[in-house]
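Here you'll find one protein chain in two forms, each presented separately as C-alpha cells under the names structure 1 and structure 2.
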Structure 1
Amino acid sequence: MKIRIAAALAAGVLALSACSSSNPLGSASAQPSGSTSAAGGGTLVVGSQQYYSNEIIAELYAQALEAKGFTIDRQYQIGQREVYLPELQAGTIDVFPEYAGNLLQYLDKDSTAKTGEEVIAALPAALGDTLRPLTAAAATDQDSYNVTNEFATTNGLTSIADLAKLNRTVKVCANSELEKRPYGPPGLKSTYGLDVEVIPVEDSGGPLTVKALKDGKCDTADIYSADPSIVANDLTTLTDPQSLILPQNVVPIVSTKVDDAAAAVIDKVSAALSTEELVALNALSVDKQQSSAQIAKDWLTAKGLLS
C-alpha cells in the first residue's frame, strides 16, 4: 500500500530534508473493536508529516512496535495536515504523531479549549469513531513566532503584541498553509490587531526559513519551538500573552487496527518523551545529520524500550 504522493504534490508542499517524564494530560480512550495484534498478524502503517522531527517521532513508534513483534509499513514525509489527515480518516494509515492543539483547531474551529488538558479532552469527539488519541507526551513542539535578537533589541520586541510597534504590515516567513491557520493572519489580526503578509518558505520552519529571516526577507518567522536552530541562530521567540497558539503536546493518533497491546507500546514511548528529549533528538538530525532510524534506535535503546 502506498500513500498517494501525488496528493502531496498537488497540495504544493515541498519536503524538508533532515540532512523521561510522566504524562500530565491523561490516558487513552477505550480500545475499539476490530483491532489487530502482533500475535494476530497484520501490518500497522506508521506515517509522518513532511517534517524531520515528526518523522523521528514516527520512527520511535515504529521501532518500538517492531521490537514487540508488530509488522510495520513506514509511510513518511507524506505532507501537511490537508494531505495526510484524509488518509488517516480513510484507514490507510494506522499510527501518526500529531500536535494536539493544532489538530483540534483543524478539526473543530469552534472549540473553546485553551489548556493542554482541555485540548486533549476535546480530541476524541473531534476525531470521530474511526480514530482515537493515545496518551499525550509531555513533549511539546509549538508553532512560535521568532525574530533575530538584533531585530528584537532594535524594536523593543518581547511578545507577539509588540510587533504592532513596527506600524506597518508584518512580514512572516512560513509555509504557505499559515495563511489559513487560526494562529496565522486571521488570528494575528483578531487577537493582536496585526496586519500580516505571509512570505512563503516551504520547509516547515527549517533552514530556508531561518536563512530568510536572518537575511531580512521577513520580520518574523514561524519556527517550531523544539527546533534547535532557535538557540543555534540566536533567535528570540516572542511570547504569546493571549494564548493564540494552543498547547501542542505530541499525541499519537491511531486507527481501530491498533489494539491494547500496540497502544501500550506507543504509550511507553510517549511517557519517556519530554520537550528537552525532543529538542535533543532534533539536534542529532539538524547538527549531526543522523537518520531518523539511527536517532530512534539509539534513544529507544537508552530508554530500554527495545528489549
Structure 2
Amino acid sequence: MKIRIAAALAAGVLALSACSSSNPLGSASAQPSGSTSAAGGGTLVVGSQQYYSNEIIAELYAQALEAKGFTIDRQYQIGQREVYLPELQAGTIDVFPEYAGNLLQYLDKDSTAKTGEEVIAALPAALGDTLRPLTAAAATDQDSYNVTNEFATTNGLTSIADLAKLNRTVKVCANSELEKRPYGPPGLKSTYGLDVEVIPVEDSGGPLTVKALKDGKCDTADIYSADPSIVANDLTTLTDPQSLILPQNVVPIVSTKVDDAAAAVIDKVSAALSTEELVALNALSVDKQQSSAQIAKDWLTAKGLLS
C-alpha cells in the first residue's frame, strides 16, 4: 500500500513538473516567425482575455481571418494583462484584442496621454518592436460612472463634475480595486474635487452592483460602458469632461507574423465595430446566452465580412 502511494505521488510530481516546463502556448512559437507570407497560409494564434466581451471580439478576428484562408489557433480566456502580455511579447500569441487606455497605462505608467487620439499615438512606442497596434475601432469599453435616470433628473446630473452638487461624500459601488485606480477616489478628488467612498461590490459592475445602485445604496456605480445592463436598467452614464477615465478604444495588438493581408482583414472588422455594435454583441451573450462563435458568425455575415 505504502509503495503504491509513493508511486502515485512520484507520478503526480512528474506530471506537475512536466506541466511547469511545457508552455501551453508553446506550439505556436515552434514555428518560424514570418512564415505567413500571403493569405492562405500559416497559422495565427488569436488570444483573448478572461472576459466574455473580449472573447467575442477575438472570435470576430478569428472567423474573419479564417474566411480569408488563414489557419487560426484559438487561445481564449487567458487571465489578465499580467499573464497574456508577456506571451504576446514572446511571440506565442499573434493577435489580441486590447483596450487602448489600460494597455498604455500598463506599459507606460508615466504616460501623460489623455484623449483617445493621444493614447493611440503613444501606443506604438510603448509596445516596442515586436508588437504593433492595428487601427483602433470606434468602439470603446471602459469604466464609466452611472446613475439611475431618476437620480440624474432629480439632481440635475449629466457629468461627473455635477456630482459635486450633492454636497456630500459620493458613494460609488464598484469592485474594491477602484480604490487604487487613477480614476478612482484620488483622481475624482484631484480632477473633480469630489470626496468619494467606495462601497465594494465584487461582481465587476454586474447585477449586484446594478441592484445596489437601484436600491440607493450608492449614488453612482462603476460599470463597463459596453455593458448592455446600462440601457436595460435605465441608467445614465455621466460624461467625463476632464478625461479622467482614459478612453478604451478596442485596438488589435498583433505580432510581426501578421502581414499586410492579415492586417487588412482585421482592419475591416475594426472599421465596422462601433460602441453600439459592441453593446449589441455583448447583449447577445448576456441576454440570449449565445456562444461567441455563433455571435461572431452572425455579425460577420451581416457585415459581409465572411465572403
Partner chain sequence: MNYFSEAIAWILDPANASGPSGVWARCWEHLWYTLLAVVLACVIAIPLGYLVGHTRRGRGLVVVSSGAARALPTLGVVTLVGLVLGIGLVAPMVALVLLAVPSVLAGAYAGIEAIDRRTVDAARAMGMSEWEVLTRVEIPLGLPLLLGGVRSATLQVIATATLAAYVGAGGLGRFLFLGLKTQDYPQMLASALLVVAIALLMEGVFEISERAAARRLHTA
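Whichever C-alpha set is largest while still superposing within 1.5 Å between the two forms counts as the rigid core. Sequence positions of structure 1, starting at 1, serve as the residue numbers. As the structure is a computational prediction, the values presented were derived from the model and not from experiment.
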- Item | Label of the structure corresponding to the form predicted on its own | 1
- Note on the structure: Per C-alpha superposition, the smaller rigid part rotates against the larger one between the two structures by an angle in degrees of 23
- Query: Upon rigid core superposition, what is the positional shift of the Cα of residue 152 between the two structures, expressed in Å to one decimal?
  - Reply: 8.2
- Students should find the CA displacement of residue 182 between the two structures, rigid core aligned, in Å, to be 3.7
